[in-house]
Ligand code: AMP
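The chain below stands alone, shown as structure tokens; this is the form predicted on its own.
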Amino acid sequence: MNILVLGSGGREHALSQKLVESQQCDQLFVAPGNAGTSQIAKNLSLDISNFEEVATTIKEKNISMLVVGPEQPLVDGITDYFDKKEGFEHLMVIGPSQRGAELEGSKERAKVFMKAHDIPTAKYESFTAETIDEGFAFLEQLNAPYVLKADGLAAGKGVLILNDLEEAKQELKAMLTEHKFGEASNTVVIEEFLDGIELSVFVLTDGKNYLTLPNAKDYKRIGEGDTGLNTGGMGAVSPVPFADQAFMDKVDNSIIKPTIDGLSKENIDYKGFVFIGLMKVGENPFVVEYNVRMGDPETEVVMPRIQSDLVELLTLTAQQKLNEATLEITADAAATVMVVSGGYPESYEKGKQIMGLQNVDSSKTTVFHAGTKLVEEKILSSGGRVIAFTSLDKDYKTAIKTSYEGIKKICFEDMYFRTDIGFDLEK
């Protein structure tokens, strides 16, 4: 079959790499893609927010499966669009309906869903500009740190964790009355701080049945030791060493099963990935957030560990026959390190030529492109997060070391990466 992947980041390159390994994939298209996807698929210059344009391409290229990488088209209703559009009855869309995508599109909606289905999460209240005084009062009832979340999509930057009460009040005011995160912060969720260690669990579901994919832990902060500003992710490790079988059984029973059952009870059409951001508090899991697609850079460590045919898994998902699937996962650990543009996540320059990629040992390390583009045979940086180096080995420490060895082979002006990915896993 012909398959179209929407997106341009490391997540889409990692998904594409797994899809082209399948004998069921005749031709793979990626829109808009990057310099990495151009090496394994056909990049298409598409505006993925223009569903009519996407539909025309699907007809022209005889696409059978559409895999939606980023969250915005899902929140905007791309799955519903094709479900209702005449002539696309046989198109398999991997991604939830707009109603399902609200689990990521609205932090408040996610909290309401968790409360309705008894899924453990932090206590919370939601506030608007009209109820800002009540928000101040709620902050005064909490102990530091204070967690403020923009209700809508804010490109991964809408969450603030603050230690000072007055600063928290000022930031709440900035979010609600000064539109710090635009329309995303018209509503702000304030929740209690969960003191623990984070990890992510990934689920593939057809809305009734599900498979639990490899778990992962990513590193969001720009600086060593998890300091500085939040980013889209500076690296990741899979599996998570501290998530033993007993803990994962708790995750399955108290979080994953109630989540999938909740989707079914609410008659939500959901055929795709669920990313569950967790906090391990003591020995118990709590949900921090839902995402309705795979994470980045977690996809870069999750996909290489999956040994099953991804096209087959996604086909069964679309057919709501995921109960017939078998999931094979390698026992090897995977680690990825993200190389970024200097200045990221604030201002940075693009268009820097990346040298030395041909020197990376592909038998040891896979290079997943994120913010790159191909211009006259030259690979240039085109974003903040540029390239992810992913390695598999018997344990995460060796895999991390191998990824760093790969990074030594390349260079571009002002490149930066953290040297301590996995630093907290030995504690």
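Start at 1 and count along the sequence shown; that's the residue number. As the structure is a prediction and not an experimental result, all values here were calculated from the model.
If you look for the form predicted together with adenosine monophosphate (AMP), you will not find it shown, but the lines that follow are about it.
Checklist entry - adenosine monophosphate (AMP) isn't shown here, but in the predicted bound form, which of 191-199, 112-120, 314-322, 171-179 has heavy atoms within 4.5 Å of it? => result In short, 191-199.
Checklist entry - adenosine monophosphate (AMP) isn't shown here, but in the predicted bound form which of I268, V288, L142, I256 has a heavy atom within 4.5 Å of it? => result Result of the distance check: V288.
Next on the checklist: Between L229, L165, I161, M355, only one gets a heavy atom within 4.5 angstroms of adenosine monophosphate (AMP) in the predicted bound form; which residue is that?
Outcome noted: For this set of options, the contacting one is I161.
Next on the checklist: Can you tell me whether R99 touches adenosine monophosphate (AMP)? I mean in the predicted bound form, with a 4.5 angstroms heavy atom cut-off.
Outcome noted: Contact check for R99: no, nothing within 4.5 Å of adenosine monophosphate (AMP) in the predicted bound form.
Checklist entry - Does any heavy atom of V251 come within 4.5 Å of a heavy atom of adenosine monophosphate (AMP) in the predicted bound form? => result Taking the distances in the predicted bound form, the answer for V251 is no, it never comes within 4.5 Å of adenosine monophosphate (AMP).
Checklist entry - Using heavy atoms and a 4.5 Å limit, would one call K220 a contact residue for adenosine monophosphate (AMP) in the predicted bound form? => result Contact with adenosine monophosphate (AMP), yes.
Item to check | V147 within 4.5 Å of adenosine monophosphate (AMP) in the predicted bound form, heavy atoms | outcome: Because a heavy atom of V147 falls inside 4.5 Å of adenosine monophosphate (AMP) in the predicted bound form, the answer is yes.
Item to check | adenosine monophosphate (AMP) in the predicted bound form - contacting residues of 267-286, heavy atom within 4.5 Å | outcome: Just M279.
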